[in-house]
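Have a look below at one chain only, the form predicted on its own, in structure tokens format.
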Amino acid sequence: MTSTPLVTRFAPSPSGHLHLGNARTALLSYLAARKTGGRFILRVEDTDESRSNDVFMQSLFDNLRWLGLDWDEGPDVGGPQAPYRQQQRRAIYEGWLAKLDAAGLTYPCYCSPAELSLSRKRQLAAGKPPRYAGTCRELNAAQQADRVARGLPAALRFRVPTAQTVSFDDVVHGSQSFATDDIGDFIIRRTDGSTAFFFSNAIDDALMGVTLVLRGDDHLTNTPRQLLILQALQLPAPRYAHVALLIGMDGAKLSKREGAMSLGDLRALGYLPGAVRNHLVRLGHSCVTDGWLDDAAMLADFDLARLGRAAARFDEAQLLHWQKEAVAHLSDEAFRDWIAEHLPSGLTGSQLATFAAAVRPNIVFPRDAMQWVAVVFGEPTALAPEAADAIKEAGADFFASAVQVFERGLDFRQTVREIGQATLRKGPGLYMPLRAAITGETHGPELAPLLTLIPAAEITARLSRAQQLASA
């Protein structure tokens, strides 16, 4: 990592929910800035107004903050290069477009989408890379006027210089070179007047002082186009780090997979932000530490030199591992707050503390608490099949003895000891049928603290029902 403070940015389009590939890019960009004491900028690229949505934009803000990211500049916090929504920066873009036009580096293009599609098909059929054929590049004033008179809409193209090479050193992929003759003149302003990604993205990076652009490697071929624009306008160019794409276990790009989860989906399911961070930071980035990384440890571990080129696989099993780690690292108070919506009202502080401590090893998501709330504070739940089997195996006499001992009101250890003596059972043969009868499961939280919360009459009633089942 460089010792120079880096200025990074995350620049999503608010046209849908934030998918995990973009969330990973945001996290890595954030870590790069914070690691070097630099600045992290949030910019909304919404020039395509037909697809942009303010609801998605607000959701994006909320989910990034939930993930644990904050930004030094952005639409909702302001900054020296405001505004940070591209819809509001049109006058800025028009000024720079005018500079390109004055230098003779732009021209109007009247080609229709159908004509462009046909041209690409012809090039592919001839074994050539598809690029703009230059149909409108040399139109004279009269020819342009004729097309305007016919009402043909015009996009604006950048006039790419011929017989040159664009080279840059990518942080991840190393030295890169592209021949301008393979690029073709590209659109920088659409027919509706909005600026294209190649142009507005590059202008904003330069004006906002971005020194490192960290993004997916599907943008690698976009970089030479943006460097040509910046060079033509004599604007500073950032360094680029094109990270490996995020794919699912099936090998498909995660953002395009049918049913692929968004960051908001994971949040709604009950995943903790620390779990998501710990998984995402290991996708396309090698961590030195195998174990849990809190915020400070994650910053210490992050290094641009360990960004990888191979496609990174999002693994739900690994995410589940980090979810369990995240739950284990919650403070007692934070854990109780996390499951609070599933707890009954009116619990005393002692009841809440006892219940939370007992069930915590068995909780992966907040909704998991509901099962044990029902066991402890609610109506008896249906027996799991294996619980019914354990009850029948123990037999009616076992539960008759258990009822008699429990009715004496002894502490748990003494109660279990006497039941064991009366039934000649010990170990799992003793504990499992008791657990099955009282909780409806053969495995779960430690039984002793749960029994302090269940009324004695309810315990003996459940044991009596188990006795009836065993004798049936």
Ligand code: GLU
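A quick note: this is a predicted structure, and the numbers were derived from the prediction, not measured. Sequential numbering from 1, following the sequence displayed.
A second form of this protein, the form predicted in complex with the named molecule, is not displayed here; the remarks below concern that form.
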{"item": "Candidate site Arg9, Asn201 and His219: all three near the named molecule in the predicted bound form by heavy atom within 4.5 Å", "value": "yes"}
{"item": "is_contact(Asp48, the named molecule) in the predicted bound form, heavy atom dist at most 4.5 Å", "value": "no"}
{"item": "Residue contact check: Arg215 to the named molecule in the predicted bound form, 4.5 Å heavy atom", "value": "yes"}
{"item": "Non-hydrogen atom contact Ser464 with the named molecule in the predicted bound form at 4.5 angstroms", "value": "no"}
{"item": "Close approach of Ser13 to the named molecule in the predicted bound form, 4.5 Å, heavy atom", "value": "yes"}
{"item": "The named molecule: the contacting residue among Phe314, Phe197, Phe335, Trp292 in the predicted bound form [heavy atom, 4.5 Å]", "value": "Phe197"}
